[in-house]
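The chain below stands alone and is given in structure tokens; this is the form predicted alone.
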């Protein structure tokens, strides 16, 4: 179930002449995005919209909507779905696409993994590959809380004016110790063009050396051939840009970004997210947004994932996203704000590896306070189902907004007895928290 097959002219089953053939890739539901990028980009010279982290599963990402580093250019992973093979609750294997079982097809595009059936294969659109991919990485330390507030104002203004467009993605992290970490990526630009984009922001920091210190280590701006971006080369491993699964017999293609290794086996103390609407970037509302971000960081760090909001994307990307089951709030969001805390692998009743429950409760409270500050300017922001609070109140509206009732109708049709129970997913309110007792 990890197979990858490229198609030069794919037409979904049953569509005949109703749709134009497209370049596409069929992926088994067990594939990770590292495997998909290897097949499509490194060997095939194309681009498929998938996850920014290579360890993410293909099927889960698509069913949850799915963001990648370049979502503002290529849209949601769900919007790239052309066809799915799925086993429904009655045991039948169905092909779902725009022409066959279109309601099920729509529900699979962002309706939440595991709710409507067991997906066994997906076929996704393959885009033309840009010439280059690149990254901008640096850290800014503010000398005081007042300077950090000013730094937030500078970066928010710069983002709104210069990088809220299809060329840019990934994130800026605002830490509670008055440090900002820029970790952004770009596509379709040369290194010099990317450097020119950021120079005015860096110049502004340079005019206040008493307030800001900038660390560019190890590299400020890098670019590479897009075709080799995910390639598991020995040079990349030697330089620490990419890591490989070191277990005996692991496939050569099992690679990942080194920063993701800490997520293996971690115990989360708290996790909340909220989409921030783009109207907060308007001149009249920007001061309140910056004040809310600063207030949030007095409690906990906030990561602004700019690629996980579609404001600034081209019209065709927005139109494709409207055809998915994702919460429509994503269309107007400039970023997904995430607050998270956790510890490395810990286990109950294992001496020396116990979970720190008291610390977890304290950090959870601080995260709630940080997100509370943001919700003062974005009262009902919506939240991305795959990166959200396990205890999310009003999760139906938060995860799917106006699409929830339509999703529930699809679930009723294809799984009327509720065989596929998932916590806080379509139809789960009909069941007890453990999924074993029907409540209606």
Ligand SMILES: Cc1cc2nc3c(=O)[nH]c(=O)nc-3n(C[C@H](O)[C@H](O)[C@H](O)COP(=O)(O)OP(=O)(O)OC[C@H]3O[C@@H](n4cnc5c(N)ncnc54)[C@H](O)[C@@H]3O)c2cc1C
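Remember, predicted model here, so these are calculated numbers, not experimental data. Residue numbers count along the first chain shown, from 1.
Keep in mind that the form predicted in complex with the ligand is not shown, yet the notes after this line are about it.
Comment: 61-69 is the region of 393-401, 40-48, 411-419, 61-69 lying near the ligand in the predicted complex, near meaning a non-hydrogen atom within 4.5 Å.
Looking at the ligand in the predicted complex, residues 125, 184 and 321 place no heavy atom within 4.5 Å of it. Proximity to the ligand in the predicted complex, defined as a heavy atom within 4.5 Å, holds among 252, 283, 131, 263 only for 263. Here is the short version: of 29, 36, 378, 371, the single residue with a heavy atom within 4.5 Å of the ligand in the predicted complex is 29. Using a 4.5 Å cutoff between non-hydrogen atoms, residue 56 counts as a contact of the ligand in the predicted complex. The ligand is not drawn, but in the predicted complex it has no heavy atom within 4.5 Å of residue 362.
Contact between residue 118 and the ligand in the predicted complex is found at the 4.5 Å heavy atom cutoff.
Mapping the unseen interface onto this chain, residue 113 counts among the residues with a heavy atom inside 4.5 Å of the ligand in the predicted complex. In the predicted complex, 384, 386, 387 are the residues of 384-410 with at least one heavy atom within 4.5 Å of the ligand, listed from first to last.
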